[in-house]
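Below you'll find only one chain, the form predicted alone, shown as structure tokens.
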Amino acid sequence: MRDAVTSLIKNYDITGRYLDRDAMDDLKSYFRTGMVRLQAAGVINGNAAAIVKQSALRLYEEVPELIRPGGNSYTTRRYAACLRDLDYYLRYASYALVAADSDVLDERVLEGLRETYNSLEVPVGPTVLGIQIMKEIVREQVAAAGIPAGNLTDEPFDYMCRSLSERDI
């Protein structure tokens, strides 16, 4: 897993260049927002179970057919798998938030997801909706904690939604 600093340095190293003004500005931004990212991750970590539970409740309110007979969350086993997956997405979003880099999402979440969802016949639409709902809940909780995160907390969730939506799952 890389963070914004190692990714930046790697890119400059590959091209054999010294860090220029743009690189220095990127590094300054990374460090300037570091405490906010850590505080936001602390809110996520401290409230993860509640965030996942609220996300699932909102998802099933919006798409109730998921928990009806024949739905992808019908049966206790499938419902538990949905909660597990939401928790998985949330945990890795917190890692990407702290790292200020989405590489961990590609490496640990998004790679291989197509094959898994295809083999299990899991539709991507409700997954994307669940991730969007989680993003909203995280944003609300971070704001309620008085952390001026702006859109920082949105970035990993938006990245996952964009990546999943671009795939024909």
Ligand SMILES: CCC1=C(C)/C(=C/C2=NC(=C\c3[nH]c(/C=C4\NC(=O)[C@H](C)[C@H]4CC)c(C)c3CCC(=O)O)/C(CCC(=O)O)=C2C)NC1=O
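Heads up: residue numbers just count along the shown sequence, starting at 1. Computed from a predicted model, the values in this text were never measured in an experiment.
Although not depicted, the form predicted in complex with this ligand is the subject of the following passage.
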item: Segment assignment from 123-131, 22-30, 39-47, 140-148: heavy atom within 4.5 Å of this ligand in the model of the complex; value: 123-131
item: This ligand contact in the model of the complex: residue 113, any heavy atom under 4.5 Å; value: yes
item: 4.5 Å heavy atom contact, residue 98 and this ligand in the model of the complex; value: no
item: Non-hydrogen atom contact residue 73 with this ligand in the model of the complex at 4.5 angstroms; value: yes
item: Contact test in the model of the complex: residue 53 vs this ligand, heavy atoms, 4.5 Å; value: no
item: Candidate spot 152, 155 and 159, all three touching this ligand in the model of the complex (heavy atom, 4.5 Å); value: no
item: Partner contacts for 63-82, taking this ligand in the model of the complex and a 4.5 Å heavy atom cut-off; value: 66, 72, 73, 77, 78, 81, 82
